[in-house]
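The chain that follows stands alone, in the form predicted on its own, written as structure tokens.
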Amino acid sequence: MSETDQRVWLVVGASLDGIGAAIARAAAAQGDRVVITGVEAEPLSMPEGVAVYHQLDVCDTGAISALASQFSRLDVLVNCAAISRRDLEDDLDVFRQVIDVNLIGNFDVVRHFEAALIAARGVVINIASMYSFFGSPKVPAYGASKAAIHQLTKSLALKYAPHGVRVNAIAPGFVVTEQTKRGRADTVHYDAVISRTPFGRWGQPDDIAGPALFLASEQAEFVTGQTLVVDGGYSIG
């Protein structure tokens, strides 16, 4: 496949060995050109097949604009940047920070890459969460932000459909990532997730990569405005 034939992906929030990195690695493995970002100066490790990393704070509109100016077209945008602050989100400043990153930052990325997505008749994949649908006293801001991502996905799908751009989301269940490390240290919570999940385990980042490839593919060309739940059956229990 020549470079001009490659689809171009931007995976925002892929600097750690989590869901973003797994999606980036899977996209690169099928021959696509993948660019990743993260708030850190350097990624923890570059996903195999990915050569380009940009440091990006999704709360920095100027930085988003500067990055977007480098893309004349973008086939797939994955919005994976998110934070949670378990047991701290009752603090108003922390609550605002979580909303700023998880909701406003994600929206700002889509806004700045709009022209590149339209030029490619591209795809947006937002990362929602089980907490889009379930309440949690431990992460109220995270849950609120992810519920908003679920709704924002619908609104953006309607906005961009006339331009041939599809917008969907994935709602992972409980996945083993750096972000869930503190929650997994709570053995009661950890075991409760396993007990309720029909497959009897926590998810792995690679479990989310396949659904992302599907949503970005021609097989999903009539799918938009949907949030695909990938949770090992947790939500049907």
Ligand SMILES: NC(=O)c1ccc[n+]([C@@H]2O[C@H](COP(=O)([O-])OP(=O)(O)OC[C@H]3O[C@@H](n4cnc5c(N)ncnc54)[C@H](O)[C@@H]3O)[C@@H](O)[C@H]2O)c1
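Everything numeric in this text was worked out from a predicted model, so none of it was measured. Don't overthink the numbering: it's just position in the shown sequence, from 1.
FYI, the form predicted together with the named molecule isn't displayed, but the following is about it.
Contact annotation: Ala14 falls within 4.5 Å of the named molecule in the predicted complex, judged by heavy atom distances. Proximity of Tyr160 to the named molecule in the predicted complex: non-hydrogen atoms within 4.5 Å are absent; the residue sits far from the partner. Of the heavy atoms in Asp206, none are within 4.5 Å of the named molecule in the predicted complex. The closest non-hydrogen atom of Thr153 lies beyond 4.5 Å of the named molecule in the predicted complex. Only one listed stretch (75-83, 133-141, 114-122, 161-169) carries heavy atoms within 4.5 Å of the named molecule in the predicted complex, and that stretch is 75-83. No residue in the set Val35, Glu48 and Ser217 has a non-hydrogen atom no more than 4.5 Å from the named molecule in the predicted complex. In sequence order, Val101, Ile127, Ala128, Ser129 are the residues of 99-135 having a heavy atom within 4.5 Å of the named molecule in the predicted complex; the partner itself is omitted from this view.
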